[in-house]
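Take a look at this one chain, the form predicted alone, written out in C-alpha cells.
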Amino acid sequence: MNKESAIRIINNALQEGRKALSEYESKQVLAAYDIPVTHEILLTDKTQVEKAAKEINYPLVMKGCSAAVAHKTEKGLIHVDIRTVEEARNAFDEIMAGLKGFDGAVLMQEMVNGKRELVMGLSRDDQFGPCVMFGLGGIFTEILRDISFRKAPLDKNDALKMMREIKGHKILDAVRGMEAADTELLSNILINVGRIGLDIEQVQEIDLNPVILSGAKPIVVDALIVLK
C-alpha cells in the first residue's frame, strides 16, 4: 500500500484548483490502496496507440479521460470492443474531437468481460464521517437503489454483512454457470475504500461503478474521486 503516492496525486489536483480526479488518476489512487483496477494506459498522442494496444491486447475499450467531463457515455466518449489498430486509431481521433474544449487525453484499457456488475463507493457525512457503500451496479444502480452502508473503518465481518444486506445478494453466489464471487477480494476493496476516506480527508466521495465480476474476481472498470 502506497498512501504517499495517493496523497501526491490528490494534492497535485487541488493545487490546480480541481474538485475531482480524472478516471486515470482515480484508479491510480485505488491501485495505491491495493484495489484491483483495469490494466490501462493514458494516451496523449495518436502515435502511442499501436504500442499501447500491443501491451494491453485486444479487445480494447477507449475512453475520453478528463477531470472536467463526468458523463462520458452521453458525450460519445466511450468506444468498446475495439479489435484492430485501425479501429483504435479511429477511436482516438473521435474521442479527441469529442474532448475539444476540455483538457484531456484518451484512456485505453482492457475490456473486462462479466455479466455481474457491482457498485462501491464512499461519501463523507457531516455527522458520521466517511461511510462506505456497496450495491448492485451498472444500469441498476439508480433504478433499484439496492445498496448498503457502513461507517468506516470496516473490518472483514462488516464488509461481509454489507454484501448480504442488499436484496440482490444472490448475484454473488454461484449461479447459471458463473462461479461465486471472491468475497475475500470484495471485502478487501470495501475495507480499503474506507481507509482512503480515513487517511485522506480531502476525499469527499468515491464512486466505483461498475465493478465487474470477471469470473470470481472483482475489477474496478470506472472510477471517480471527488475532492473537498
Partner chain sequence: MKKTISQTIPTDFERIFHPQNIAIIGVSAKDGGTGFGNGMFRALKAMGFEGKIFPVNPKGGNLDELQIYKQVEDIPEKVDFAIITVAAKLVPEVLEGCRQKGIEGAQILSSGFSELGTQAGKELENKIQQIAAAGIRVVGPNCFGIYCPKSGLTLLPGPDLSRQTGSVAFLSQSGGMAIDLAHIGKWMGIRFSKVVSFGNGADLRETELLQYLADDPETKVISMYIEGIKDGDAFFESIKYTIKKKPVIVYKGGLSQAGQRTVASHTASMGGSRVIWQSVLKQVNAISVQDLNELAQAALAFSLLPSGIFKNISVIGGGGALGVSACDAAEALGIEIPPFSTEQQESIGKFLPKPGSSAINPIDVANPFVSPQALKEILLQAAKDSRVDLQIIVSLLYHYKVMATAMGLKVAEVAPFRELADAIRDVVKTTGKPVVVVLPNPKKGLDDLDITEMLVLARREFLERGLPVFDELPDALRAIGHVNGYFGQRNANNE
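Numbering follows the first chain given and starts at 1. Worth saying up front: this structure is predicted, and the values here are computed from it rather than measured.
There is another form of this protein, the form predicted together with its partner chain, and it is not shown here; the text below is about that form.
The candidate spot formed by 84, 93 and 100 lies out of contact with its partner chain in the model of the complex, as no residue has a heavy atom within 4.5 Å of it. For its partner chain in the model of the complex, the listed stretch (134 to 142, 110 to 118, 76 to 84, 151 to 159) containing residues with heavy atoms inside 4.5 Å is 151 to 159. Taking non-hydrogen atoms only, residue 165 approaches its partner chain to within 4.5 angstroms in the model of the complex. Along 108 to 126, a non-hydrogen atom within 4.5 Å of its partner chain in the model of the complex is carried by 125, 126, in order along the sequence.
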